[in-house]
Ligand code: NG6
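Just one chain is shown here, as structure tokens, and it is the form predicted on its own.
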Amino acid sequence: MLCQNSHFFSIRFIACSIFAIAFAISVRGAERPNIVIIYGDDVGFADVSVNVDDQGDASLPRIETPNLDKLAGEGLNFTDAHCSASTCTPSRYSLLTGVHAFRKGVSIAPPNAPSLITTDMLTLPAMLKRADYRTGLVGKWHLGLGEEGVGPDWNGMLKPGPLELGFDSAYILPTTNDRVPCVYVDGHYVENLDLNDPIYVGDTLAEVEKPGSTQYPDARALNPEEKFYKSIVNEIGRIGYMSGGKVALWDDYTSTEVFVGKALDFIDENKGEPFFLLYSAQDIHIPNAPNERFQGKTTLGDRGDAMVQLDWAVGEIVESLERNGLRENTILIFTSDNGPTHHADTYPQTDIISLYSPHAGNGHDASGKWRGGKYEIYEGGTRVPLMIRWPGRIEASTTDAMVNQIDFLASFARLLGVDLEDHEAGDSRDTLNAFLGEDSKGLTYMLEEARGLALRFNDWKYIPTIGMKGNKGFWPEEESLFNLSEDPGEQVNVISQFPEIGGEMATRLNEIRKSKSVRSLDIP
């Protein structure tokens, strides 16, 4: 059945390629648009209220997101947009490098991870610098700092890091807001570090019990049943142990305001030249700690209130662009690094939420009609909100085109006339026409990554037997094939009914897995 469609896809691919060449010639020499990506953390498809209206069950509780709804209404709102992986570090890695994380063995980075992106790799900001862009990063990093085999020196210079990977400036939360160390890093150094209270980070308490450094409570000593968090900093549980850095600690409840302020400063300082800003929000990753003025704004607990806070941040950035006269010449993107932590927020007291974390509840279904969420191979793990606004160039509409964040790099390269070498961003494909609303189909196929790989081919979804311990419902127990056009919730495994399709997709997935890159394959 797939083979019957191959001639169609080949013809379509050739036609799109011809159009792409013509379009690329037309934009060379044109004014270079600013590019702003607002990257939410653990934001599900239906955490944006306009997506609940369009795709979800209106009877369920929802979060009001007026700024995001307005952005969706002024640009292109995608219903089949994906991050590359259902967890944060792999997804962020692919966004920035155009390389699937599984090829490099990249998984969730621990607190002391070295830089997972090597300095010889092309990154999205480095590509944009070839087009003379100023590049800035504000917010969550979680891709490691320091040399391989050494890791970060929290009391010294933290490099390589974002500044060695294409960013001109970087003000970051180095890991995640539920991981140590709980400090900001400005450029190469921990902000406000007092060397009389040096920072130590470790996986065991013994690694951080250093004389002269501030000691923080041991979560497991206080609660012997604690299985997720190890230490308590600012009265909130964290992954890993930390000591020192007391005056450098962030305040969880003001961190969004801090990051928004840094983002607005970057816009103000670079408004006279083309710039790229990645605003990498820590919202709405646990622990959800919204500012006091957002607390109680929803009936969905701290997670819902944190989403309202993120929507406020979007509004502040939009207003800054308009105040600086940059609305018309800016590509503004909102999306998320992966789906929500479990597709129905039924906190507290699951195996990954402890006594030391604020929680949400009341039945909000953050993935909408899609099954699953963060960590999972199902659609809810990678199908995320995506809206792109470029006034005068992108017509406001909703699109079902299948697209993936990993393709931003190659797509923007074509927009700006930047040539990529064969070894650069090899899994990033040019899907610019879909991102601009000029191609309603988008990708024919793409990978979805969790602790294994799945393959989408149009509306077909193939998941091989992953066979890992600790499944917890994150992936099927058996080889599976779903027809998403009839079964968006991935409830009915039809592989026995369509063995030829399942077999062809298994072959295709294996071919991609063994390849050097997706672009090296002759697959339209």
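Bear in mind the structure is a predicted one, so any value in this text is a computation, not a measurement. One-based numbering along the sequence shown.
As for the form predicted in complex with this ligand, it is not shown, yet the points below apply to it.
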Is there a heavy atom of Asp42 no more than 4.5 Å from a heavy atom of this ligand in the predicted bound form?
yes
So, Tyr184 and this ligand: in the predicted bound form, are they within 4.5 Å at any heavy atom pair?
no
Counting only non-hydrogen atoms and a 4.5 angstroms cut-off, does Asp283 reach this ligand in the predicted bound form?
no
When the contact criterion is heavy atoms within 4.5 Å, does Thr176 count as touching this ligand in the predicted bound form?
yes
Would you say all of Arg383, Thr431 and Lys516 touch this ligand in the predicted bound form, counting a heavy atom within 4.5 Å as a touch?
no
Answer key, this ligand contact in the predicted bound form at 4.5 Å (heavy atoms) among Ser411, Thr87, Thr123, Thr256: the residue is Thr87
Looking at His100, Lys374, Arg389, Arg371, which is the one with a non-hydrogen atom within 4.5 Å of this ligand in the predicted bound form?
Lys374
If contact means any heavy atom within 4.5 Å, which of 225 to 233, 152 to 160, 212 to 220, 422 to 430 contacts this ligand in the predicted bound form?
225 to 233
Taking this ligand in the predicted bound form, which residues of 300 to 338 have any heavy atom within 4.5 Å of it?
Asp337, Asn338
